[in-house]
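As a starting point, one isolated chain is supplied in structure tokens, in the form predicted on its own.
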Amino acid sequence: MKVTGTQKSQILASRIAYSLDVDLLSTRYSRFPDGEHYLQIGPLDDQTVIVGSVIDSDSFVQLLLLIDACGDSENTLVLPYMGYARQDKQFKEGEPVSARAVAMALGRGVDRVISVQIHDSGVLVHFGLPAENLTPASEIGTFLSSSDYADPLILAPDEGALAFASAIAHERDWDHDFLVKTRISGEEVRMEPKKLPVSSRTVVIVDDIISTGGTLVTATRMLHAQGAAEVHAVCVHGIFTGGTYTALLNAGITNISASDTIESAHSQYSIAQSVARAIENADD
């Protein structure tokens, strides 16, 4: 078995290779003069793990090329972040189901797929082959424990994310709750935990994705107004569009952490070991 990765997932690919104790394929990326992608990989083995997050259109095309370059190897596609996964329904006539289109394209040339905290696991059926979704609750629990947070309150931004928050909290038997939005007037809303008070506590808001961060900004300000000692944010996929990171810091968030599904300066914990375990279990 060998591991290879797209240009924007090189660090995670190397961590997965290290966790599996296998070689990392040498991969060269470049472009033709007209902007088209080109890549070349080293000698293949019988099994190849292909690691690539779909962050933008370029990374999607590069991942398609990498899958094709791996040819007749037995290929496992590790899809740490799947762009377009949130477009999983047709709301208006003439719209594509983008998640389906991307999954069908990536499913050609691979034998199984491993995704990480995908928006809706129902999308996996569109790959047309064995696929599983990993939830890195254990990694987040370990990360928070190593960060010396004093008995944190784990908060989901809404009830829909409560199961994720609960899984993280149960790793260390921490308190957990979810935020409830109450409309006071046409222009005023209040956000507060459903059951547990936050006064004098360290609060960690956990979510699968931080993109625009609008809800987090509002929630952080209100949690501080309710007496929270500190507010932290931890997500799996850190997109941080526009000025999101700055807005969150200005709102009073002490620290913002993400995994390495999207590699950036915000990546403070890795999902590599979970991926490696899933690959090893599949081989067993």
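Numbers follow the displayed sequence, beginning with 1. Since this is a predicted model, take the numbers as computed values, not measurements.
FYI, the form predicted in complex with a small molecule isn't displayed, but the following is about it.
Only one of 249-257, 212-220, 55-63, 38-46 gets a heavy atom within 4.5 Å of the small molecule in the model of the complex; which is it? That would be stretch 212-220.
Partner-contacting position among 208, 88, 74, 171 - heavy atom within 4.5 Å of the small molecule in the model of the complex: The option sitting close enough to the partner is 208.
Residue (of 126, 112, 181, 119) lying close to the small molecule in the model of the complex, criterion heavy atoms within 4.5 Å: Checking each option against the small molecule in the model of the complex, the one that comes within 4.5 Å is 119.
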